[in-house]
Each structure stands twice: as structure tokens, then as C-alpha cells.
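In the C-alpha cells that follow, the same protein chain appears in two forms, which are kept apart as structure 1 and structure 2.
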Structure 1
């Protein structure tokens, strides 16, 4: 990574400009071409410096204010398939496996979003039916403390 890559990361870490040609605007501030910006982003992705370059929607800003972390007790032999099914629900943004603990028997977790708690509860019911597993816990978010990734200073 060189100085231009670091500047590029700083310029984009909080989002790209909301203009018709955002990469032209970024290139202009860096004194390079749009093509060079795109090449550098691709290289940073290939090298694993950045994992992904994607749009992120502020779900609270568009009215999706209910969030629930849901956990299911899934037999080990079904973990992969159940995880795939849950991850395919539009209301789910995160789905992953965690190790069980003697006091917590749940191993598949999913973040479910909805406009209301009732919406989330309905989604959890649909998921449970789709995976045929009804042993689960639902933990609703009360407050959001942080919603940022790693930052370059």
C-alpha cells in the first residue's frame, strides 16, 4: 500500500460522494484518473486489504427500527443447510455459527430486521417453519452504540 492507497481508503471509508460519477470525484481529489481509482480498489480487494466494497443502507433512516438477534439450536449435521436457508431470508443481514456453551445451547445466530418487533417475530416464525426447528431465542436490540468499521487515521 502506498500513500495514494491510504488517501483513497480515507476518502472512501465513510462512503463515496453521492454524485453521478463518484469515482471521477475521488480521482480528482487524488490527482489520478478514474481508471486508476478502480484499479487500486480492485488491487486492495485482491490483496485482502479491504474485504469488500459495497453499499450500506442506514436501516433506521428508512424505517426499519426493530432488530432481533435470533439463535437456534441446530443439530451439527444440519448446521450448513440451516444456515444457508436462514441467510436467504431478505430480513436477515447476518447469519453465522457459534460454538455452544454449557449454559447456552444455541449455535446458529441471525440478525433479523423489521419495521416493528411484531414484524421480526413473524419473520422468526417463518424461519423456524422453513428449517423445522422451533427451539430458539430472540433478543431484541434496545439501543445502537456503534455502527462503523475500522478507520484509517
Structure 2
């Protein structure tokens, strides 16, 4: 990644303009051709610096208003298999193993989304059953203070 790539990311990370030829507009601010902009984006995608060049969905606005951060207490030797099972649920958008802490012993995290809290609770029940682990926490989001996505400076 060079200085132009960095500028390209900074210029597009808050959203491209909604115009018929958005990459022309971006190219002219960078002083390069549109072809080069598209080539650079493809390269960044290939390298994995960009996971996706896509729309971020405001899930609350489309009725997916219940969002639960769930975490299960999973023994070390079962982490890999349990993570794979949970990741397979469509209702789960993110699934990670995270460091434990004396004050927080729930190591496998999943974000569960649904139209209602009840939907999420049903999903959590199905997950617990699928992994045969019932020691878990379900923390619904009560307020969103911020959601900007990952940005570079």
C-alpha cells in the first residue's frame, strides 16, 4: 500500500458520492485516472486490506432492531468446533474467540441480529442446544452511542 492507496481509502471510507460516475469523481480528487482507481481498489481487495467494497447496512432502519452480543463459556479444547458451529448460523454476523479475564469468563462471542428480542432469544437457544453449552450471557444493545466502522487516520 502506497501513499495514493492511503489517500484513496481516506477519501472513500466515509462513503463514495452517489453520482452516476462516482469513481471519476474520486479519480479527479486524487489526480489519477478512473482506471487506476478501480485497479487499486481491486488490488486492495485481493490483498485483504479491504474486506469488501460494499454498502454498510443500517440494520435498525430496515427493521432488524434487536441486536444481542452473546458470549458462551467454552472449554479450550472445544473452542474451534464450537466457533465453527456458531459461525454457521445465518442470524450470527460476527463470531470470535476473545481473551478471558477473571471478571469475564465467556470466551466465544457472537453478534445475533433479529427483528425482535424474542427472535434473538430463540436463536440463542438454538445455538446453546447445538453446542450443548448453556452457560452464556446475552447482552442486548440498549443504546448505540457510535457506529462508524473501522477508519484510518
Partner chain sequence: MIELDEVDKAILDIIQVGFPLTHRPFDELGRRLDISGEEAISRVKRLKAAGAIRRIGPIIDMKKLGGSSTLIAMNTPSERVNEVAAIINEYSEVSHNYLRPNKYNIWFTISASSKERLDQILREIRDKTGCECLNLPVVKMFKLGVRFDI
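We call the rigid core whatever largest set of C-alpha positions still superposes within 1.5 Å between the two forms. Numbering follows the first chain given and starts at 1. Model, not experiment: these values are computed from the prediction.
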Which of these two, 1 or 2, is the form predicted alone? 1
Residue 10 C-alpha shift between structure 1 and structure 2 of 2 Å or more, rigid core reference: yes
Did residue 39 shift 2 Å or more between structure 1 and structure 2, C-alpha, core superposed: yes
C-alpha of residue 49 off by 2 Å or more between structure 1 and structure 2 on rigid core: yes
Keeping the rigid core fixed, work out how far the Cα of residue 19 travels between structure 1 and structure 2, to one decimal in Å. 9.5
